[in-house]
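For reference, the chain that follows is the form predicted on its own, supplied as structure tokens.
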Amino acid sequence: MSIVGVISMKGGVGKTSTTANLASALTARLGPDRVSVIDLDPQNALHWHFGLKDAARPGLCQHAGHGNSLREVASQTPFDVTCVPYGAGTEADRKAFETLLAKTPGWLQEQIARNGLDDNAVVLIDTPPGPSVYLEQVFACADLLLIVLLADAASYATIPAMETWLADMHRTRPEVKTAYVLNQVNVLEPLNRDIAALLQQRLGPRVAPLGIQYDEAVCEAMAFQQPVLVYDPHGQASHDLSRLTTWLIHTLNQ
């Protein structure tokens, strides 16, 4: 089994859509019932990408303290990806969940192990931006961290904080692989193109060799509650995600 955490140091970089669309691209490559997504972001938005319209459906946030397994709160989506939502809990639910995570550093790893997934399964985990108990849980169990960046000055400015956090975490798990993924790259915008080149120069081989170009179909797919590979399978973003998936599978198998 392979576990991939999708993280960022700032919001608004398309982290959740990247998680959902990579899961869809992996499913297209690996086949149904191989890919799961876990939403560890209190925004509770990941399920919308897969047509799960019951926003009030309980999820991890409500059930974590009652001994429920991931399987009990998971939903099989119309797109052959299993989704574990964060859940639309109250503020008290969120605080209790975060207290549990802080007291039990290996909670998520144990839950995934108890879920009975096959050895060839892939789990992608969405997280809120910035350091948090959620991010610590993901680092404790992930094989690979994908760090989503935009090719803009704000994302560039977050790199020192991310690098410091990664260095601290790698002291406990140096084997965790990390890669930066450039999202919404617009090659027609000179500033965007220049910052993308600057990021490539600064981070070198730690940037995934394939980014995701800007494509309005990604937002349109979200509006229709579909992965972009279903909404617009021949579009630029779908093409980029398919190529990124090839790289991702190769990286996980190394």
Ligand SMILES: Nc1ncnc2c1ncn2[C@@H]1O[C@H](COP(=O)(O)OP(=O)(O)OP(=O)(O)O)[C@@H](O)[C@H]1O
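In this text, residue numbers run from 1 along the sequence as written. No experiment lies behind these values; they were computed from the predicted model shown.
Keep in mind that the form predicted in complex with the ligand is missing from the display, and what follows is about it.
Legend entry - Heavy atom within 4.5 Å of the ligand in the predicted bound form - the one residue of Leu198, Leu191, Cys219, Val187 that qualifies: Only one listed residue qualifies here, and that residue is Cys219.
Inset, instruction - Can you check 69-77, 162-170, 177-185, 100-108 and let me know which stretch has heavy atoms within 4.5 Å of the ligand in the predicted bound form? - result: Of the options, only 177-185 has residues within 4.5 Å of the partner.
Inset, instruction - Using a 4.5 Å heavy atom cut-off, state whether Gly12 contacts the ligand in the predicted bound form. - result: Yes, contact at 4.5 Å.
Inset, instruction - Answer with yes or no whether Trp48 is in contact with the ligand in the predicted bound form, where contact means some heavy atom within 4.5 Å. - result: Trp48 lies outside the contact set for the ligand.
Inset, instruction - Check whether Gln213 has any heavy atom within 4.5 Å of a heavy atom of the ligand in the predicted bound form, and answer yes or no. - result: Contact with the ligand, yes.
Legend entry - Partner contact for Thr16 in the predicted bound form: the ligand, 4.5 angstroms, heavy atom: Close contact exists here: in the predicted bound form, Thr16 approaches the ligand to within 4.5 Å, heavy atoms only.
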